[in-house]
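A single chain comes next, written as structure tokens; it is the form predicted alone.
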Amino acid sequence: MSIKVCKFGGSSVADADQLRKVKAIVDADPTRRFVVPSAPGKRNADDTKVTDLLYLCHRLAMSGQPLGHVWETIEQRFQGLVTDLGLSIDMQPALDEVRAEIEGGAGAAYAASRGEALNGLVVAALLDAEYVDAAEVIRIARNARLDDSSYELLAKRCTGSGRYVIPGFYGAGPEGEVLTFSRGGSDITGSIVARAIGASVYENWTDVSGVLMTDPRIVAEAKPIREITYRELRELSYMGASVLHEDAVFPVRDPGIPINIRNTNDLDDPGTMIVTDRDPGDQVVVGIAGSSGFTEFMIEKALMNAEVGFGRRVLDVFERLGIPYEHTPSSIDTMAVVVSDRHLGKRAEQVVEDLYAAVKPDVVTCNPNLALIATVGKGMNHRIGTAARLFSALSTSQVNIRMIDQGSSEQNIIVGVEGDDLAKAIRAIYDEFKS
């Protein structure tokens, strides 16, 4: 019999009503035997996520201040869930232990992970499932990456025929200390569990009906994507599409376990299936994603192409400054390096000075306020006229193209435009390829 892993995001477990939906979803399909819950999210726009409250508790404890009303809010959230759901579980011992550890100097990762750990106890009681502490079965290296021994630990621990609840987001480090993945890391936990137990499907339940073709804040009527490959999703995630944590793809990609993005609040919507391969049919472009906040450094030097090691010395400047690069489009006498402003900070002048010292260019120009847009689709490279349609759409909308870079995967075309033109450019590309 096939087995499904179900991960439920923070909005899906935010209150008792949402948790009743979770129970109904799991009860409706006996193959849904493995559940990965997040920490309770916001119940409304003015609410605070439990994880953020726990981070605040850690900061208070580190500064020697009492946890006070912040901890009381956390305690009320969990005790309220137990009461509203009519559960018999006694949460007080677990809550007391967490508070004592935070007040005793536990690290930020431990504090942040307790939202998932405590909520896992609630969800396990609700589903009459066995609770498995993620720190027992998931090993995380100090670089926040997964230790592959986790798969065997999970498989050995979860051998029964019943249901299991494994909290998301955290695991144990080399010394047994609690470590976490990056924010949104419950997606990764779900993917790890799916691979470990050989799931037929990894269902990722959230508050949206799958992945949309583009950002609904820019295109309100954006169409849903019914099927997308792992590689296509990675391309979109890189440029800001945020329905699924981008690292959640890796554990399930090799064994070919599909991910189904579903809406906890709309069970009739099939959501988006993320698969190994798909037939693109007539759909040339599957999605468009973009973000602003990039800077381009343009290096010009005559006979650059004849100078052995030129590109290496250029990139060495960025490496020494600890600045990762995004793209390096080039021509015979020019080379551009695009970096994120988040990593660049206020070091643009330093970069220019170091480039002059490293490669003796004729000119170095720093061009800020760049936005990057990725137009993604399997088989784009085999469709004559795709690039022409893209550039024509931008031209018609009076959007100036500052940079063009087609990835080696041949599944995307990235264009750089003025930051102020980002929304207009995405709208133009969407209108051209939406049908």
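These figures come from a predicted structure and were not determined experimentally. Position 1 is the first residue in the sequence shown; the rest follow in order.
Beyond the structure shown, there is the form predicted together with aspartic acid (ASP), which is absent from this document and is the topic of what follows.
Aspartic acid (ASP) in the predicted complex is not approached by residue 346, whose heavy atoms all lie more than 4.5 angstroms from it. Using a 4.5 Å cutoff between non-hydrogen atoms, residue 51 counts as a contact of aspartic acid (ASP) in the predicted complex. Of the heavy atoms in residue 186, some are within 4.5 Å of aspartic acid (ASP) in the predicted complex. Proximity of residue 39 to aspartic acid (ASP) in the predicted complex: non-hydrogen atoms within 4.5 Å are present. Contact annotation: aspartic acid (ASP) lies within 4.5 Å of heavy atoms from the stretch 31 to 39 in the predicted complex, the single such stretch among 367 to 375, 390 to 398, 31 to 39, 60 to 68. The contact with aspartic acid (ASP) in the predicted complex, taken as any heavy atom within 4.5 Å, belongs to 169 out of 169, 205, 297, 164.
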